[in-house]
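Consider the single chain below, provided in structure tokens and representing the form predicted on its own.
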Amino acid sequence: MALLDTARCPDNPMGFVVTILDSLHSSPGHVLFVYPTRQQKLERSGSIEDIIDAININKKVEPLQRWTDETRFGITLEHFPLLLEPRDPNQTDLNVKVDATRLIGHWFKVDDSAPGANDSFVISIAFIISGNCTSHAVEAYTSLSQKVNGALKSLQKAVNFVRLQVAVVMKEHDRVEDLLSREEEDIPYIPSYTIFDKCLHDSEMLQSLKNIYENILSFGGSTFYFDRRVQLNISVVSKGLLYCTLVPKTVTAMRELVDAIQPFHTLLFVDDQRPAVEPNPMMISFLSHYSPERSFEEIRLLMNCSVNQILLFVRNLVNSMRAVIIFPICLSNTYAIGPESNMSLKELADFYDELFPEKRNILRSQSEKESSKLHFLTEVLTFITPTTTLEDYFINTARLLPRAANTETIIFLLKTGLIVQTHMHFLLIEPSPKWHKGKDCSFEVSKRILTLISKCTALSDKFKSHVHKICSNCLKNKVPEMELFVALSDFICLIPLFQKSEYLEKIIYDTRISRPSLDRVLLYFKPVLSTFEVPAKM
């Protein structure tokens, strides 16, 4: 029952690039800036490059002549301006795919109407994401680019912001070009990151773009101010976050959820792929041991860290809406149909089919495909109605609906709110009059059992008589005295939790009682325990 793991979510941005082009095309375009300024490990497109490297391992690599010959995200720096060059004056959006990389952005023209300006140019800003990203991600980053460029246009019109910032960046580029144009043989090679680092340090525009990128990468969006003048509310919400009903919708709800996190919980990542392994040792260790079937307590033992360390780490993930809290998935869990959602079943059926497409390639018309997707999800929910254990669900779907017989489907149903986990609660009650009929204390109980009952301060004298009668009837029905004594000891320890109507998972975690021991208590003392199920709450 392993989770699908594609290492890095294809919807996450890998970086961004800024290029400039003379609007009259009298000179070639120029790459102004690339972020991250240094090449990252994840820029490599995959095994093809590794194979080429292995073949050419002994081949002498020619030294680069200029910094524009460097390759970033599989593209030579000098080629970025060509790829982001406007081709249609009426189409300002950019969407260019090169091998395993996609550039999504926007361009706009800075004219020469500003005071002191005698030229016009086109500036392009594009986010770099994986070539196999979803269509939803393309729309989200296109919208983001339009907002960013809209803010820059406003600032350009108001205070000549873009032209001044470009002048700051070009000053460093011109300095490097002037240095390289000298006919001195001992001029050392100047890598691109030295230029980009200096540009980032000097340019407020590039600093703002960097902040936008890093917040999108970490949190999915935030509020920014360009030049302390233009407010920009940005958000790149993944489809997983869009459909995840477990994510709190208000600050108060988020705070309550974070405060409720316990070591017996676990988490689900909001996006359908687990996140990239970040240069954070805690994240690297956590991902190497994480499973939705393991509690934080189990994971922290494998990580060899304290409870406080892992809970602090998890709270940060939940606060940034990268993950949500659930109870560990196990075969004994009980699930029920969730409350009505504001998302249609058709939308969710389309999303499920996008995540887990049917392997068989059956020729159908478009209407038949839509009907089939909806019918499949509806059929999956019939295996949950009204309630069922996860074990029964897997047994039934494996026989009748194999495509749904996996943990990924259960996780999808949980995150989208189509099903909810139910918790078994226990409450101490008076035994029913019907049970009393034919029951007495005629069978003698041992002294140690009587001592346990009489010394229990949590029970009234009347309730002690009920427990005495239960023990007498258990012994009458051939229950071993030692087994009954142990069960009675556990029962007395659990009385405070039964009086508070606690649920099974919390009882097990707080008391460290084993599941077989708890089951034995529930069996022998069933007459004074009421059992009921309600939707689980954190």
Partner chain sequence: MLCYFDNTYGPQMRCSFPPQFIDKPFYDTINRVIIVHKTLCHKMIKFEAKNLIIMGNPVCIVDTVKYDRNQILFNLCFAIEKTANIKSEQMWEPILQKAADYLIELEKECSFISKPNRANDAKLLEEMFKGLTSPKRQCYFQAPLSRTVVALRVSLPYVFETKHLPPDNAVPAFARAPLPTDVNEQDFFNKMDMVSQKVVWVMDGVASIADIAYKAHIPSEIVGRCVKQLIYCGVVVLLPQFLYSNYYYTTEKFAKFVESVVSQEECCRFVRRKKKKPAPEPRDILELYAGLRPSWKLAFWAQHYRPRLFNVDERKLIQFGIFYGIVRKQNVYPVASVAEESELLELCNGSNTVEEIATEMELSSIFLLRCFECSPKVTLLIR
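What we label the rigid core is the largest C-alpha set whose atoms superpose within 1.5 Å from one form to the other. Please read all numbers here as calculations on a predicted model, not as lab measurements. Residue numbers count along the first chain shown, from 1.
Form predicted in complex with its partner chain: not shown, discussed below.
> So which of Leu374, Leu200, Leu311, Ala405 gets a non-hydrogen atom within 4.5 Å of its partner chain in the predicted complex?
Among Leu374, Leu200, Leu311, Ala405, a heavy atom within 4.5 Å of its partner chain in the predicted complex occurs only for Leu374.
> Looking at Ser291, Ser320, Thr389, Thr76, which has any heavy atom no more than 4.5 Å from its partner chain in the predicted complex?
Answer to the contact question: Thr76.
> Among 190-198, 444-452, 208-216, 380-388, which stretch has residues whose heavy atoms lie within 4.5 Å of its partner chain in the predicted complex?
Comparing against its partner chain in the predicted complex, the contact stretch is 380-388.
> Can you work out whether Lys97 and its partner chain are in contact in the predicted complex, taking contact to mean some heavy atom pair no more than 4.5 Å apart?
Yes - in the predicted complex, heavy atoms of Lys97 and its partner chain come within 4.5 Å of each other.
> Though only this chain appears here, would Pro263 touch its partner chain in the predicted complex if you measure heavy atom gaps against 4.5 Å?
Taking the distances in the predicted complex, the answer for Pro263 is no, it never comes within 4.5 Å of its partner chain.
> Would you classify Ser344 as touching its partner chain in the predicted complex, given a 4.5 Å non-hydrogen atom cut-off?
Heavy-atom contact with its partner chain at 4.5 Å: present for Ser344.
> Heavy atom to heavy atom, is Val166 within 4.5 Å of its partner chain in the predicted complex?
Outside the cut-off, so no.
> Under the 4.5 Å heavy atom criterion, name the residues of 491-520 that approach its partner chain in the predicted complex, in sequence order.
In sequence order, Lys500, Ser501 come within 4.5 Å of the partner.
> Superpose the two forms on their rigid core, then report whether the C-alpha of Pro402 is displaced by 2 angstroms or more between the shown form and the other one.
It does not, since the Pro402 C-alpha is displaced less than 2 Å between the shown form and the other one after the core fit.
> Examine Leu82 after superposing the rigid core and state whether its CA is displaced by 2 Å or more between the shown form and the other one.
Yes, the C-alpha position differs by at least 2 Å between the shown form and the other one.
> Superposing on the rigid core, is the CA of Lys415 displaced by 2 Å or more between the shown form and the other one?
No; Lys415 is a residue whose C-alpha shifts by less than 2 Å between the shown form and the other one when the cores are overlaid.
> Shorter or longer C-alpha distance for Val314 and Tyr141 in the predicted complex, given it differs from this form by 3 Å or more?
Relative to the shown form, the pair is closer.
> Pin down for me whether the Ala140-Ser344 Cα distance shrinks or grows in the predicted complex relative to this form (closer or farther, change of 3 Å or more).
More distant in the predicted complex, by 3 Å or more.
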